[in-house]
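One chain is shown next in structure tokens, namely the form predicted on its own.
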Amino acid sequence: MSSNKNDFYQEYEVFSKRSDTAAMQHQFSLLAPNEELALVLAQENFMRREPVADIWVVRRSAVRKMNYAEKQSLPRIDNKEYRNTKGYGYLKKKWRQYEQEMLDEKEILSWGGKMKK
């Protein structure tokens, strides 16, 4: 056993979901000497506050985050302006105009005349 108190505790991240079909959400971080105690602490701190279907406890050192160079590549990955529909705002107005032209009074009255024949 280490004599350094800082080596005894490890940082854990706690994730939970409210139902079996819900997505996992990060809740909080905690310090514990091992995974088993981290899970017990997570249950004690979280489960009495709201309903929980599942809890995950992950050692923070096991979580990989992006480094600076990887973060710089994010704008290139998400360069998909063609997926944005902001350029199609005129279509709603155009469709409404089309529908009104199609169902004007003259058009509706003409249907009655065709049915009498």
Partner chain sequence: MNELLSTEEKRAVIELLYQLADDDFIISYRGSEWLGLAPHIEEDVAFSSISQDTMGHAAMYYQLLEELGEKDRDYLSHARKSNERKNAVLLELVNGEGHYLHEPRYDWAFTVVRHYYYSQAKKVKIESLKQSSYPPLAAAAVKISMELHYHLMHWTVWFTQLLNAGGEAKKRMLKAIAKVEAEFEDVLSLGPLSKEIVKAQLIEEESRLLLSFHANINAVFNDLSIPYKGEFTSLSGRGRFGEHTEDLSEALNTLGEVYHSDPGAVW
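Residue numbers count along the first chain shown, from 1. In this text, all values refer to a predicted model and were calculated from it rather than measured experimentally.
From this point on, the text means the form predicted together with its partner chain, which you will not see here.
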Quiz item: Can you check whether Glu70 is within 4.5 Å of its partner chain in the predicted bound form, heavy atom basis?
Solution: no
Quiz item: Would Arg48 count as touching its partner chain in the predicted bound form under a 4.5 Å heavy atom rule?
Solution: yes
Exercise. Decide whether Val58 counts as a contact residue for its partner chain in the predicted bound form under a heavy atom distance cut-off of 4.5 Å.
Key: no
Quiz item: Looking in the predicted bound form, any heavy atom of Tyr9 within 4.5 Å of its partner chain?
Solution: yes
Quiz item: Even though the chain is shown alone, can you say which residues of 16-50 have a heavy atom within 4.5 Å of its partner chain in the predicted bound form?
Solution: Leu30, Leu31, Ala32, Asn34, Glu36, Leu37, Val40, Leu41, Glu44, Asn45, Arg48
